[in-house]
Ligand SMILES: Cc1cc2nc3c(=O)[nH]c(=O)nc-3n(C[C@H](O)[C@H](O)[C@H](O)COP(=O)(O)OP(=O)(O)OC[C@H]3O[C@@H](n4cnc5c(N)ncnc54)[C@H](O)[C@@H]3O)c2cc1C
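Take a look at this one chain, the form predicted on its own, written out in structure tokens.
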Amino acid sequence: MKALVFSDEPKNAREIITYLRGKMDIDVISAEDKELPEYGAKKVYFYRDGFIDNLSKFLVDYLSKNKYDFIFISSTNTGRELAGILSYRLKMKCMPEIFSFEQGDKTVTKRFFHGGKTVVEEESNFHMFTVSPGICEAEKSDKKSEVENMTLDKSNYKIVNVKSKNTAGTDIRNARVIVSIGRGLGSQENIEKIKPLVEELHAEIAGSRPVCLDYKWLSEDKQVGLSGKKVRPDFYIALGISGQIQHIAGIRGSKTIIAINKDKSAPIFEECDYGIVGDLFTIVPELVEKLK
């Protein structure tokens, strides 16, 4: 079997290659990244100045001339838009947001449903998929890829200015430990009270949607959830987070979830591995002392 992977974010491409490696031969189209040829794809195509118009035109032409059994597209903003265009232009159905793929007599995929509350396992004859970021941890391979630089047609778009969002620290998607705060923290000033726990665990701090977007206690890049970032840390510690479906969808990949909340009926307790009902301002200092 042979697959084409597309991702405008090389990190996601590395994960998808690692996940599919050994199951089929893989070619990849991605933005430039010096490490990507080290993950075991047969061939890596790099592009520059790719926008939705010239990328979609290239991919439609390329896929019309080159046969692949499966097409995997990283579920980024660009990837999702491309998948829609390719599905229409190539007359191919696309299964969105998968996080598991098995090929036997039939193709079996898994994806979250109902805002992340349930997992749907589906058998299908689909050949195109968008893949949720974080499908696995990327691992390098002994096999080096052949590299070719693509030439795209001139786009109708051009970048006239770039304004970076305010960010704080590293990307939470790469964190091994995350201490995440919700409205139960009470105020932005109280973040200082949980920082000793963050520092003791060498963790990254993150937050729910209200904390990041409504109250702006943290920057937008720290938002976890369906409309924020999906994270897969070893430990996710939720402080004062109620656990709405939209938030749970962003932490499904966490290996261990620990929740502290004074409301014993909070939905987060239905999702966590370990739960503590109580005042986080009492429990967090005790945890810090124990960790020391």
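Start at 1 and count along the sequence shown; that's the residue number. What we label the rigid core is the largest C-alpha set whose atoms superpose within 1.5 Å from one form to the other. Note that this is a predicted model, so its numbers are computed, not measured.
Beyond what is shown, the protein has a form predicted together with the named molecule; the following relates to that form.
- Shown alone here, S242 lies within 4.5 Å of the named molecule in the predicted bound form, counting heavy atoms only.
- At a distance threshold of 4.5 angstroms between non-hydrogen atoms, D25 is out of contact with the named molecule in the predicted bound form.
- Although the partner is absent from this view, G225 contacts the named molecule in the predicted bound form, with a non-hydrogen atom inside 4.5 angstroms.
- Using a 4.5 angstroms threshold between heavy atoms, L55 stays clear of the named molecule in the predicted bound form.
- Only one of P96, P196, P210, G84 comes within 4.5 Å of the named molecule in the predicted bound form through a heavy atom, and that residue is P210.
- With the named molecule omitted here, the record of contacts in the predicted bound form names 263-271 of 263-271, 44-52, 26-34, 57-65, defined by a heavy atom within 4.5 Å.
- Contacts between 175-196 and the named molecule, taken as any heavy atom within 4.5 Å in the predicted bound form, involve G182, R183, G184.
- Core-superposed comparison between the shown form and the other one: the CA of V44 stays below a 2 Å shift.
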